[in-house]
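In the block that follows, a single chain appears as structure tokens, in the form predicted alone.
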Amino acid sequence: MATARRFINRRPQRGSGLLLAAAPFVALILLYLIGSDMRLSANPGDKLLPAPSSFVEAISALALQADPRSGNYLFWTDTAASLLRLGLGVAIAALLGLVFGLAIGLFPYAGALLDPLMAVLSMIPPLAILPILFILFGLGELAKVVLIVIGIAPFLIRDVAFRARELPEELLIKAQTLGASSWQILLRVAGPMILPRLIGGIRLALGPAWLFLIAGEAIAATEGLGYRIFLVRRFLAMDVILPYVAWITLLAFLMDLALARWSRARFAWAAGR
């Protein structure tokens, strides 16, 4: 009974848990509204903390009105361009993570050959080699996708390799006893067991992937969420920048949520691991 009363052992109920989760967001919104009202009262032309109505007007113009020059709805064009780059980069990095991670984790010769290389590559700051990528691949889409791949693939490879080394040895021995070849063990034993961990790694890598995407778009792009943010910064257009940042955050959250739910549905056996 005494231990149950300790704060460390208390858990919120579902309703109170939702209230606790919402409280920081409500507090941030209130702080912004108060700060915006104070600044606009002192200077109606202030651009640092615009009123919420300014957000609605700016995003409505970008999302619901075609651009006079291009004829595109810029908000949706930017979103589609960024999601395409991000999706390609993450998909390629995930494939590399699965293939090379399993090879390093399961096959000692591959581990001896590639593990030190991955350890070194994972320490290179991807943004530091961004100029090199633009020189090698030009200013088009390829350089931005490669930046995302270089940024997160080494992490995924090492994470999968660590997990592959943690597979129960008796499981691999039993598979070999039943006549499974190395290829069969890779595809039918280790691969399925590693996939939930790979999805978890992708979820953790989404934040860095967005960072590399925005950096690439900010330097060389003609469309994209990062491009638009850095384009309008010269005008101090916070009524565009803040909604774009919020939209990026929402997209990243929805991606993470979709991956989590798909993983639980597809790999229910790994939910407690």
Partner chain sequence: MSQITVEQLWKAYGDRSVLERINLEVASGSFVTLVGASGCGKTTFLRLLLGQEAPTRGRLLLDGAPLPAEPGPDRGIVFQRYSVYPHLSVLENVVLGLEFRAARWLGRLRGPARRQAFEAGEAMLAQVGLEAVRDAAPTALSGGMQQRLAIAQALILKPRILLLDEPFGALDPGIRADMHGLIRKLWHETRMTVFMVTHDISEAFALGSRILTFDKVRRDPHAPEAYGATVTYDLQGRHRLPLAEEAPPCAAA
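All of these numbers come straight from a predicted model, not from anything done at the bench. Residue numbers count along the first chain shown, from 1.
The following text describes the form predicted together with the partner chain, which does not appear among the structures shown.
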I'd like to check something about L171: if you look in the model of the complex, is any of its heavy atoms closer than or equal to 4.5 Å to a heavy atom of the partner chain?
yes
Handout entry: Close approach of R188 to the partner chain in the model of the complex, 4.5 Å, heavy atom
Key = yes
| message | When the contact criterion is heavy atoms within 4.5 Å, does I92 count as touching the partner chain in the model of the complex? | response | no
Does any part of S122 reach within 4.5 Å of the partner chain in the model of the complex? Heavy atoms only, please.
no
If we test each of P131, G87, P192, G140 for a heavy atom within 4.5 Å of the partner chain in the model of the complex, the one that passes is P192
Of 179-187, 197-205, 72-80, 108-116, the segment with heavy atoms within 4.5 Å of the partner chain in the model of the complex is residues 179-187
